[in-house]
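One chain comes next, on its own, written out as structure tokens in the form predicted on its own.
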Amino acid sequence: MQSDSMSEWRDSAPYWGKHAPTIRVMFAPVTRALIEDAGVREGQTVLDVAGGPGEPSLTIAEAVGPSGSVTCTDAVAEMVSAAGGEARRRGLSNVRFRRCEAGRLPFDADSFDAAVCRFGAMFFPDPSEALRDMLRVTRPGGAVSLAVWHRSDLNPYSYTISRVTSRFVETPPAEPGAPGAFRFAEPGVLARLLEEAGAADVRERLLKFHIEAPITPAEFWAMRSETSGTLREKLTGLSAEERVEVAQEVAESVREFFPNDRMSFPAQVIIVTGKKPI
């Protein structure tokens, strides 16, 4: 991971920890899809790559039970620390934590029954290297399952904010293939990389769900403006009056997605899964 990106994630870690309970609820459908597609079951050993402040690792730890275990990894030490704190808070003792990069996993070959990654593959400096390493540490016949965002225009959780901020801060288009939330938004792209990395029986499915949580538009904006390093940087360059204006415009633009002051964004995610050849 590049140093400027690492710095951004380090700065974001306290906010991700702060909002972890809400984020866990928001993306629970994605976690369930990964558990299902990777075939995770009680007693297994599972690797979570780029687990951030602890999800989906901690939910998977509950799924595998005390006879199983989960190893939660992240390239950012502050994220790993936050994940450990959340595990202690929830009384989970079958989770291990390790700071490491996705393409340099410090584990022996054939160490895990399955490996998962939720919203991390888009930011890997070298996705092909990372996928090969995830397959290396997975046991023959075990699954590697990854979740990435489908297109931005299909996810109002993202575009409602970007449409507002683009009127205040010039945002150059992302370079094709560069790390970013929608790097693998087009169907087939990540699946081809996983096949090229050596996976067998690669399959892809579109997960449509709702990002839901008992928070208001104001709480939504507070969470998004804190957890996104890119957004924090944009807001820093604005005057106090402009920041207030942005917050007001965002609140208005997302109002339709907050029936009864409770968040409910329609969302689309791509789940890609392959198996390590036997």
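Note that residue numbering follows the sequence shown and begins at 1. All figures in this text were calculated on a predicted structure; none of them were measured in a lab.
Keep in mind that the form predicted together with a small molecule is not shown, yet the notes after this line are about it.
Although the partner is absent here, Ala200 lies well away from the small molecule in the predicted bound form, with no heavy atom inside 4.5 Å.
In the predicted bound form, the small molecule sits within 4.5 Å of a heavy atom of Ile23. Mapping the unseen interface onto this chain, Phe257 falls outside it, with no heavy atom inside 4.5 Å of the small molecule in the predicted bound form. For Glu86, no non-hydrogen atom is located within 4.5 Å of the small molecule in the predicted bound form, even though that partner is not displayed. In summary, the region of this chain contacting the small molecule in the predicted bound form, judged by heavy atoms within 4.5 Å and restricted to 155-163, 168-176, 69-77, 134-142, corresponds to 69-77. Note on the partner interface in the predicted bound form: the residue among Val148, Ala102, Ala82, Val95 having a heavy atom within 4.5 angstroms of the small molecule is Ala102.
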